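Have a look below at one chain only, the form predicted alone, in structure tokens format.
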Amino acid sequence: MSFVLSEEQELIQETAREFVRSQGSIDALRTLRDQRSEPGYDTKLWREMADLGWTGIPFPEEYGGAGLGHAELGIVLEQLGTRLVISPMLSTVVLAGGVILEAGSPEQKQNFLTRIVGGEAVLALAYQETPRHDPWAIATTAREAGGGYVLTGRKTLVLDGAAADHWIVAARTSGEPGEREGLSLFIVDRDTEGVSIESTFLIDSRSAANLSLDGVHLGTDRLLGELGSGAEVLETTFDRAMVAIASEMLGGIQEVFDQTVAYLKEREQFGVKIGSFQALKHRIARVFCEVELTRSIVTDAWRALDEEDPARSKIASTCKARASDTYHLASNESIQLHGGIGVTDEQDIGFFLKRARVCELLLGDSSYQRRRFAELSGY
């Protein structure tokens, strides 16, 4: 893939930009934040996104999808990031949908992917059990019983988990917490007996949930993929999700930069525009350089995924680490350069700082990603 967008990709970008600018706004985010009610996102907006075909971008045409690549999905996510649009794109399309696409049987794919593409079902991936991303630290168990499985355990930070119709639960069928081997994946319906949901909201006003599984009985048809092969599926899905969230972060980073530059050009002190102060020029110039470096690695990560580059896992970790660091820097600098007004609710810029902090931690912060890169490189 070239670093220059194709005509089709440019059309997707322009369509997404126009839609987000007309339908998405920080005021809509304020409303959702103040309501604090489920599902935590605008269902009408979500249906419109499905009608545009965005929910089907990464899925094959046989399931109603567009059969496009990660670059096209990343282009849409980048535009959503410019207005901090809340939607189940990451939880349902990238994470849960990615797992089903990777490991599901033909019947499971037909059942769930077609409904995801149509915007008819929300799915969430329930894997995390620790305060931070540690994908193999899973203590939830799935034991064979009565011709099926019984799941027992607790999950935390399940994105859009309170609104989900189904959860994909990672459980241990062998081994000990911390071991990569012995993990299996199961589909759990919302009305399944033994499931308790604790709804919560993150600092960026996104909805999440904690799940308790108390002797949840499932049939063998609820197993995704082969028993004990969940780690491989999760790792592939996480690579894609890292690049997806980095794409959204890139949109937020660019918007933060643009808003800050505009503010520097209009704000006056001592009778002159503060953008004329050399010290502030140096600070915003540094952010500009980081934005361009981040755009380069995000674009390369799209290419690596679509071309199945053997180094795609290392590139995905590099991409997530760079995007996390740049969003942190850009949001910090934007608050500093706006001054005290930057932290008021009337200003939009503070919402980007909150989103930056959440995005940094999702799927592993920059320290986690650097360690993973080193391990993948044999260090």
Partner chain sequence: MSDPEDFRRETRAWLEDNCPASVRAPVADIKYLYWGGRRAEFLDDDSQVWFERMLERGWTVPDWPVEYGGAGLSQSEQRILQSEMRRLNCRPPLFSYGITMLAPVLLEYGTDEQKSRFLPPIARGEIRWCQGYSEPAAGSDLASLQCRAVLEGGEYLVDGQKIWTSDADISDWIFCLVRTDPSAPKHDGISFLLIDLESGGVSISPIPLISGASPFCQTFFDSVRVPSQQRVGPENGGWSIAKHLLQHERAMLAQAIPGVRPPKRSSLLDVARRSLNTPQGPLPDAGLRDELVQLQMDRICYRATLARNTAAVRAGKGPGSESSMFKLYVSELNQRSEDWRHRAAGTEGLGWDGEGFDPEEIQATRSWLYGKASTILGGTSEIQLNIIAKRVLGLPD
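What you are looking at is a predicted structure, and each value in this text was computed from that prediction instead of being measured. Residue numbers count along the first chain shown, from 1.
Omitted from view is the form predicted together with the partner chain, to which the following refers.
(message) Under a 4.5 Å heavy atom criterion, is L264 part of the interface with the partner chain in the model of the complex?
(response) Result yes; L264 sits at the interface with the partner chain in the model of the complex.
(message) Against the partner chain in the model of the complex, would S196 count as a contact residue? Criterion: heavy atoms within 4.5 Å.
(response) Close contact is absent here: in the model of the complex, S196 is far from the partner chain, nothing within 4.5 Å, heavy atoms only.
(request) Mark E10 yes when one of its heavy atoms lies within 4.5 Å of a heavy atom of the partner chain in the model of the complex, and no otherwise. (result) Contact with the partner chain, yes.
(request) Report yes if any heavy atom of F238 sits within 4.5 Å of a heavy atom of the partner chain in the model of the complex; otherwise report no. (result) No, F238 stays farther than 4.5 Å from the partner chain in the model of the complex.
(request) Counting only non-hydrogen atoms, choose the one of 46 to 54, 31 to 39, 311 to 319, 328 to 336 that falls within 4.5 Å of the partner chain in the model of the complex. (result) In the other structure, the partner sits against 311 to 319.
(message) Just to confirm, with a 4.5 Å cut-off on non-hydrogen atoms, which of E179, D189, D214, D300 contacts the partner chain in the model of the complex?
(response) That would be D300.
(message) Could you pull out the residues of 258 to 283 that have any heavy atom within 4.5 Å of the partner chain in the model of the complex?
(response) Counting only heavy atoms within 4.5 Å of the partner chain in the model of the complex, the contacting residues of 258 to 283 are V261, L264, K265, K273, G275, S276, Q278, K281, H282.
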